[in-house]
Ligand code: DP6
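Just one chain follows, in the form predicted on its own, and it is written as structure tokens.
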């Protein structure tokens, strides 16, 4: 048994919406590009320890909050993790725990906790699978390699941001960058971590990084665009309207919409143009242009879902209250633009100077709702202590 490792990750909120192509373990590639911002105020904290097993029984155990998860739900993720890391471990045994080398079989004991509702449309899968990836990989390393590896990842993220071109429409130029970590032979780099996380959740590929990211169309990995301090005034106000689990999972909704909505192809074909314009707006910190594109993106996504058979409708009456409130505030000159993901929650994009006035308006319209304000956050982080 190894010493436990704890990793934190934050939800990556899609400003320009991601939609999976043939969603499922290992094939959830984006049919549409996704521009996102990693949030700083909510997080998943995941602790992992490696345990030896016998008789070939891998026995991975996952607990989220106080709820024991079905091993089948994560079997594909762990199978892929072992397939990818196995050759690295055998070729670079000096970097990994002896217990995960050629000796007995090894399994993961996972304890995870969100400080926000799970499966309620607040991107818990993004932060959850990213934190799981970071904790699992770090738990396999020898203790003396963990901290230097983590520091090297921070430097690599900066390097990737500096090497990208504008706008990024495909990931071919990044295919070989960031897979491994210079100075750490055999240890996975950030793009390898992004690919591992993506196997469990497409949006998790973005939560590996901080600041602003892009998940290019058809790509197996996300890419960092700008750091968390690139646009410090940017804010997302989460307006949580329900903590209940969604009646239809995101994956089922994706499959149904792709297979039955007559508007799906039109939206997919239009999305790359929107993503390019959004990258240009981000580079200029043009909040009005980016906000307008955000509204176009989420409304087009939901239009395809409404037209599915049967329709996928996540909105609550309160969702429409917030949507109309944002439009009213914009008409008065306030910089605020709404977006939504697969769920009833509404997220408001604005600047820090406008947050107090927007919060007052939300409180007046929905007194029982407690909004959460987020700025741009960091990517994966490993912590020394954990309360899990």
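Positions refer to the first chain, counted from 1. Worth saying up front: this structure is predicted, and the values here are computed from it rather than measured.
Beyond what is shown, the protein has a form predicted together with the named molecule; the following relates to that form.
Asker: May I ask you to check whether residue 194 falls inside a 4.5 Å heavy atom distance of the named molecule in the predicted complex?
Answerer: Answer no; every heavy atom of residue 194 is more than 4.5 Å from the named molecule in the predicted complex.
Asker: Just checking whether residue 42 would be counted as a contact of the named molecule in the predicted complex - the rule being heavy atoms within 4.5 angstroms.
Answerer: Contact with the named molecule, no.
Asker: Taking heavy atoms only, is residue 380 within 4.5 angstroms of the named molecule in the predicted complex?
Answerer: Contact check for residue 380: no, nothing within 4.5 Å of the named molecule in the predicted complex.
Asker: Using heavy atoms and a 4.5 Å limit, would one call residue 329 a contact residue for the named molecule in the predicted complex?
Answerer: Contact with the named molecule, no.
Asker: If the cut-off is 4.5 angstroms on heavy atoms, which of these, 342, 358, 31, 325, is the one near the named molecule in the predicted complex?
Answerer: Contact residue from the list: 342.
Asker: Among 225, 237, 301, 100, which has at least one heavy atom within 4.5 Å of the named molecule in the predicted complex?
Answerer: Contact residue from the list: 301.
Asker: Just one of 185-193, 247-255, 140-148, 87-95 has residues with a heavy atom within 4.5 Å of the named molecule in the predicted complex, so point it out.
Answerer: Going by heavy atoms within 4.5 Å, the stretch is 247-255.
Asker: Heavy atom within 4.5 Å of the named molecule in the predicted complex: which residues of 185-203 meet that condition, in order?
Answerer: 200, 201, 202, 203 sit within 4.5 Å of the partner.
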